[in-house]
Structure formats: C-alpha cells, structure tokens
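Presented below, as structure tokens, is a lone chain in the form predicted alone.
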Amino acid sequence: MKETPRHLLDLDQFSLIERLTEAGLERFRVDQILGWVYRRRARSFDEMTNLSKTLRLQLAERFDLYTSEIERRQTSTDGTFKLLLRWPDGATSECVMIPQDTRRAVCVSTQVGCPVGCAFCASGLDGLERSLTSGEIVEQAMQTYLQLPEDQPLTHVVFMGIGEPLANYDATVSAVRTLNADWGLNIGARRITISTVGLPRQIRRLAEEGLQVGLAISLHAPNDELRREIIPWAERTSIDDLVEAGRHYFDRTGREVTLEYVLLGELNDRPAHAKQLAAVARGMRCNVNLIRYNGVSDLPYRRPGSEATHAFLEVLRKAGVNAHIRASRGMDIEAACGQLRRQRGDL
C-alpha cells in the first residue's frame, strides 16, 4: 500500500535526517532540502535544481511541502495583508503580515476556531473546529513569506491569530523551534511572541523550555468579575494566578511579560479600570499594550474614542506603568482575527 505523504514542515531537522537516511540518502541532502525550503523559498521539490530528478520525484512521493491553498488575500492601504488558507480537510485559518519600516511581522493562528469564546472576538463565535499541527502553523509563516519580495525576510512572528496557543501546546512549541532554528527560518527567539488568554500551568511549563520567546497575556479586564464576563475561560483562574505565573516566567527567562488589554468603549476603558490595571501591573515585571477594539459586525462592542484611550493611558503612566497604545493596522480589510473566515461564510 502506498505510504501517505508526510507534511515536511511538520518535521524538524533530526526527524528529516532519520527518514531520509532510512531511505538510503546521504546526510548532506537534508541540509540542501532545508536550505531550499527555508532560505530559498522553494514552492515545490521541482525547484530544488541541485537534486537529481529521481530524488525530487522520490521526495514528492514521500512528502507534501505545502498543503494549504490561498483562498483569498486582502491588502490594506497601510501595507498589511491577510491570507485565508484552506487546508485539505476543508478547514480554514487566517494569517496576517504586518510590515512597518524594516520590520515584517507575521501573525499566525494555532487553531481552527477558538475554544476560549472571548465575548468581543470573532474568532470564537462558533467554537473550536480543530487544532493546527506544527507544520500548519509554520506553513502560515511560509505562505506569507512567499508573498514578500526576495530581499525582504520575515523579522518577527507573533502567535496572536485564531486560537489559544497554549491549549495547543506541543504544536505551538514545535513550531516555535522550527521558526527559531538556524536550519529553519532562523528568527531570533526574542522576535517571537506567544499570546495567551492565561493558562498558568502552561505558562510555567513554557518558562522551562529554554526559549527566550516573549509572552503576552490577554488580560482585557482589571478585576476578576469583569474579566469573567468578557472571557469565559477566566472562570478557570484568577488575575492573581496570572500575576504569579507571569512572575515565574520573568524569573526563569528574564523576559518581561506584556499585558494585552483590548479597550472596549464604556465597558473596560474608564479611569477606575485604569487604576485597577495599574495595581495589577505593579505586581509583576511587565509592560501594558493597549489595543483599541476593531469592531465586529455581529457583536455589540464598540471602539473607544481617542480621548478616552489617551486618558486611560495617562492614568497608567502616572502610576509608573510602562504602557503604550498599539497602532491599529489593517482596519480597512477587517484584519482582526476571524473576520475574513466569517466574511467568506466558512462558519
């Protein structure tokens, strides 16, 4: 019976060596193949011209290089672009390229749909369909990389797309290692950020991985009562638990944690909320990233005004908190997570 091809992007260097040496190939072929994939952006084995035609055919029989199709691309006037990828099983996921000066950051998803169900977010409106494999996570980065000019490498990767990365822990960490590896995309760990709604046990586990990746905790509320109203999964833990986990992450990695806070007009954006958030932030080594809400048509939440946003920021800064407002990108293409999938009627 013919062997089902393995997704090559699912394999690390050592796994690929094992599979190819078992097939009787020389070790140096692995370096050639990985170089074609991650350095020279080969879209198929046929492009690997320093390999024999016979070997290229063998590789195509054993491995799939890319498994997704780009169903749609949307490009913003600010240069941001979003890809909707369709996988062989019909599932779809989104990834976004955010260029800024010499920085080119790709935002990847870790799941198809999301189990968390944040009240304001399009990603989880219809729950979780399935988790992505490590290769599918890496493929999102590669598909955006293929869209860039040859002289423009990816510089940053953020795990801030659809899904909860730490609920798909093994695939997320495996993808990080490929993105970071010198045989992979060779993106420095300090230029990779994992964003989580806050799973304390997994945060502590990540702290022991020996990686220097950034950690961002999606807080979105300064007290447990409001947070549990906005984020159903917040019932599983408390803000105090997250602060303790954040302290542990800093102690083990030396990396400051980022507290992400989506400002929802007249819900969590009042000066009293800012004072409570300042008290939380002072309990750990962190900075605060304020994000003005990008509206979702099916949801009642609204984007706060500039005056309220800057007043909130001023309260934090006066309290000694390192805080800033994230610039909104891609608003004209609905770049917020999950909006393109819903627009296409996939949910």
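Don't overthink the numbering: it's just position in the shown sequence, from 1. As the structure is a computational prediction, the values presented were derived from the model and not from experiment.
Only in words, not in the display: the form predicted together with S-adenosyl-L-homocysteine (SAH), which the text now covers.
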In the predicted bound form, the residue from N294, T67, N287, T309 with a non-hydrogen atom within 4.5 Å of S-adenosyl-L-homocysteine (SAH) is N294
Note: exactly one of E129, E256, E244, E260 sits with a heavy atom within 4.5 Å of S-adenosyl-L-homocysteine (SAH) in the predicted bound form, namely E260
Open item on the list: When the contact criterion is heavy atoms within 4.5 Å, does Y249 count as touching S-adenosyl-L-homocysteine (SAH) in the predicted bound form?
Closed with: no
>> I'd like to know if S218 sits close to S-adenosyl-L-homocysteine (SAH) in the predicted bound form, meaning any non-hydrogen atom pair within 4.5 angstroms.
In response: yes
Quiz prompt | E139 within 4.5 Å of S-adenosyl-L-homocysteine (SAH) in the predicted bound form, heavy atoms | solution = no
Using heavy atoms and a 4.5 Å limit, would one call Q143 a contact residue for S-adenosyl-L-homocysteine (SAH) in the predicted bound form?
-> no
If the criterion is a non-hydrogen atom within 4.5 angstroms, does every one of F120, M160 and G163 touch S-adenosyl-L-homocysteine (SAH) in the predicted bound form?
yes
Among 260-268, 146-154, 179-187, 201-209, the stretch whose residues bring a heavy atom within 4.5 Å of S-adenosyl-L-homocysteine (SAH) in the predicted bound form is 260-268
Looking in the predicted bound form, the residues of 175-210 with a heavy atom no more than 4.5 Å from S-adenosyl-L-homocysteine (SAH), listed in order, are S195, T196, V197
